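Take a look at this single chain in structure tokens; it is the form predicted on its own.
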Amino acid sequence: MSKKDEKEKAIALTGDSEASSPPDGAKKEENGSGGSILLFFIVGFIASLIVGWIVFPKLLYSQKKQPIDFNHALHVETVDEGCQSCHFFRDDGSFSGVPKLTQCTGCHEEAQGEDPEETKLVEEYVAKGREVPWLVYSRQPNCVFFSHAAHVKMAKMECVTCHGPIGESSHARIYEENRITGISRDIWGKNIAGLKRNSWDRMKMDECAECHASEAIKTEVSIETPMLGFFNNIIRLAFPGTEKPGRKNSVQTQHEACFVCHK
């Protein structure tokens, strides 16, 4: 057998041949296309983060100023009972919430000093008998009921736990409203990922569940986060009869007391 025949036989057996391997130019072209795809993915991923985490929240929320630049710190020092002078419980146990104009007229029948905000209050609202259309940072959706009496009177919670040190502010901060839902951004929180540093950074149902769990508050039924409740409902449907023992004699307790906080 000649050397040429031996070489061809070896190539046939091993498949190792210069002819079977792609040219160097083809290899470089494949590597180049793979790098382009990776670069495109990285750029797209970064652009998505910028749009979703920076641009979208700015477009989603509109910014509004309060009708009057209210100075909480000044009023807290002036009134006798601090916050409770304006935010108090009525005789029937309901919470007064945003002060009515009649609570302002006792001190502001006439402008005090030369502050333009004071003049605006007297001329546009007190003199005309118009209620000040305050924008409420902490107002929950219409389907939510929050009992201040249960938390302030019974649980002895401080207002700062949910509302923050607003009594120390000298100016009314900008009100941010969700363009779709009309709800204040304070409910969801400033951080779109839901991260928070303080207990008052957001006011979602997750905060209620977290507080009840951390404080080991005893209730007839547990308060679940929306995600936990979703999975628990799936388990209840898949495995009937696995509910926790407890009172089941009302619609409220049958549905984990949903209607205590939800209308």
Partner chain sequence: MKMDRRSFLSFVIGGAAGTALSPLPWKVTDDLAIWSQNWSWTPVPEDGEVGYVNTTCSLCPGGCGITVRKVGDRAVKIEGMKGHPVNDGGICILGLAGLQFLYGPSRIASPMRRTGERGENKWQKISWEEAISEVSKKLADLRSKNQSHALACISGYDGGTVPRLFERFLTVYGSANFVRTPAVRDSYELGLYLMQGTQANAGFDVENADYILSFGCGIIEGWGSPVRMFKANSHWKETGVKVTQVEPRLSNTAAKSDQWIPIKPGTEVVLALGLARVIVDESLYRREFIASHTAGFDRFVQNVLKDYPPEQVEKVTGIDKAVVVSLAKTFAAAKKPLAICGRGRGAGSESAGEIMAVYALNALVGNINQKGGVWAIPDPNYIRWPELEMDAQAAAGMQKPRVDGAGSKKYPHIRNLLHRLPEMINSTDASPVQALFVLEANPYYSVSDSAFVRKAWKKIPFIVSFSSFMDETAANADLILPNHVYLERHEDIPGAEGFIKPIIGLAKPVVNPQFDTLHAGDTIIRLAKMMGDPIAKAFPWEDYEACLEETFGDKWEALGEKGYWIDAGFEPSPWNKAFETASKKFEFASDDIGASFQNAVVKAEGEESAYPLLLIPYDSPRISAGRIGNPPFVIKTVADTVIKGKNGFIEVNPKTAIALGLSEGKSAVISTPRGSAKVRIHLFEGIMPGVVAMPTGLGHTAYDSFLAGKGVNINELIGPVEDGSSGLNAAWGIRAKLGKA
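Positions refer to the first chain, counted from 1. All values reported here derive from a predicted model rather than from experimental measurement.
Keep in mind that the form predicted in complex with its partner chain is not shown, yet the notes after this line are about it.
Trainee: Are 101, 119 and 196 jointly within 4.5 Å of its partner chain in the model of the complex, each by at least one heavy atom?
Mentor: No, the candidate spot makes no contact with its partner chain.
Trainee: Any chance residue 112 has a heavy atom within 4.5 Å of its partner chain in the model of the complex?
Mentor: Taking the distances in the model of the complex, the answer for residue 112 is no, it never comes within 4.5 Å of its partner chain.
Trainee: Just to confirm, residue 63 within 4.5 Å of its partner chain in the model of the complex by heavy atoms?
Mentor: Heavy-atom contact with its partner chain at 4.5 Å: absent for residue 63.
Trainee: According to a 4.5 angstroms non-hydrogen atom cut-off, is residue 141 in contact with its partner chain in the model of the complex?
Mentor: Yes, residue 141 is a contact residue.
Trainee: Can residue 137 be called a contact residue for its partner chain in the model of the complex at 4.5 Å between heavy atoms?
Mentor: Flag for residue 137 set to no.
Trainee: Okay, which stretch from 73-81, 157-165, 180-188, 119-127 lines its partner chain in the model of the complex, with non-hydrogen atoms inside 4.5 Å?
Mentor: Only one stretch passes the 4.5 Å heavy-atom test: 180-188.
Trainee: Heavy atoms within 4.5 Å of its partner chain in the model of the complex is the criterion; list the residues of 65-104 that meet it.
Mentor: In sequence order, 90, 92, 100 come within 4.5 Å of the partner.
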